[in-house]
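For reference, the chain that follows is the form predicted alone, supplied as structure tokens.
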């Protein structure tokens, strides 16, 4: 089942085309990444899908409802964490969570239960009586995310949800999102932290200049758009200029270097399966021994940069 269906959708602001003839679908129960550089059209798309602004042309349906005609039905079943900071000034953390449950017509007993759980899950319990304006930026962001889980929803839009969070809080939030998806939630996710997208997303659309350049799984994007791999290795004997010179002459090697501080060699190659046997053969011929070897996987960040550079000009 498709939770979001977008067909030839465009949004224009004056002479600026923010979203340009975009089509895609989001499946039920997945985390759909929507990635792109600043100004690519990500936030505009979220605003259209959450019915904050209408499209100029094309169609979009969210949870089966038309974004242009059935906004109220859509808004009653979604959650949104906006990129911009938002907090309830004058209220404590606990009161803010309770208020949002009240606004969504969650019963008192259930509000108390969910508030207690969210205070613990997002590390906010010791700050529960603290006024929101007295919180650090990171804590306010935790609260902003936690608020959306006070009520039930079928679809959650996350626009840069971990901005301002430290590494531990960020991983806690991502793991919480994963659990929610297992329970049936669908997530539309934007981020500039590519490791987050790789960790969380089932599929990713890369957008630039308002157009979707590619849509695929993280693993397929890495396989399709990262041509080289890195092979890191060390020698029992340490440094060998002779071996380094012979390795540099191999057709499979694009670049090879050695980190003097760690003693590790790093070779860039399109074919690790060709390079590694050659490494062992040449090391043996020169009386050397490979003591460790590791093939690094291509990163989503490398794929993203390649996609934007090649297709997004």
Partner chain sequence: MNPIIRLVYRNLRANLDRITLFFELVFPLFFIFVQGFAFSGIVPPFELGSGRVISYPVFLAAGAVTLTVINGGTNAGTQLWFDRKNGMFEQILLGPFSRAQYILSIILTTLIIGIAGSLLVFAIALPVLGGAELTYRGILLTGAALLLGTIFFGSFALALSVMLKSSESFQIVSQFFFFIFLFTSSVFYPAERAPEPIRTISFLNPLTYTTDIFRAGLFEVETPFLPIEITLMSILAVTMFTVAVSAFRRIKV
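Bear in mind the structure is a predicted one, so any value in this text is a computation, not a measurement. Numbering follows the first chain given and starts at 1.
Here the subject shifts to the form predicted in complex with its partner chain, a form of this protein not shown in this document.
Participant: Hey, of 202 to 210, 166 to 174, 83 to 91, 121 to 129, which bit sits against its partner chain in the model of the complex at 4.5 Å between non-hydrogen atoms?
Facilitator: The contacting stretch here is 83 to 91.
Participant: Hey, in the model of the complex, does residue 229 get a heavy atom within 4.5 angstroms of its partner chain?
Facilitator: Close contact is absent here: in the model of the complex, residue 229 is far from its partner chain, nothing within 4.5 Å, heavy atoms only.
Participant: Quick one: is residue 112 in contact with its partner chain in the model of the complex, heavy atoms, 4.5 Å cut-off?
Facilitator: Judged by the heavy-atom cut-off of 4.5 Å, residue 112 is well away from its partner chain in the model of the complex.
Participant: Residue 104 near its partner chain in the model of the complex, any heavy atom under 4.5 Å?
Facilitator: Contact check for residue 104: yes, within 4.5 Å of its partner chain in the model of the complex.
Participant: Is residue 72 close enough to its partner chain in the model of the complex to count, meaning some heavy atom within 4.5 Å?
Facilitator: Contact check for residue 72: yes, within 4.5 Å of its partner chain in the model of the complex.
Participant: Between 288, 63, 252, 52, only one gets a heavy atom within 4.5 angstroms of its partner chain in the model of the complex; which residue is that?
Facilitator: Only one listed residue qualifies here, and that residue is 52.
Participant: Of the options 216, 148, 198, 160, which one has a non-hydrogen atom that comes within 4.5 Å of its partner chain in the model of the complex?
Facilitator: The residue in contact is 148.
Participant: Using a 4.5 Å cut-off on heavy atoms, what residues in 161 to 200 are near its partner chain in the model of the complex?
Facilitator: Contacting residues: none.
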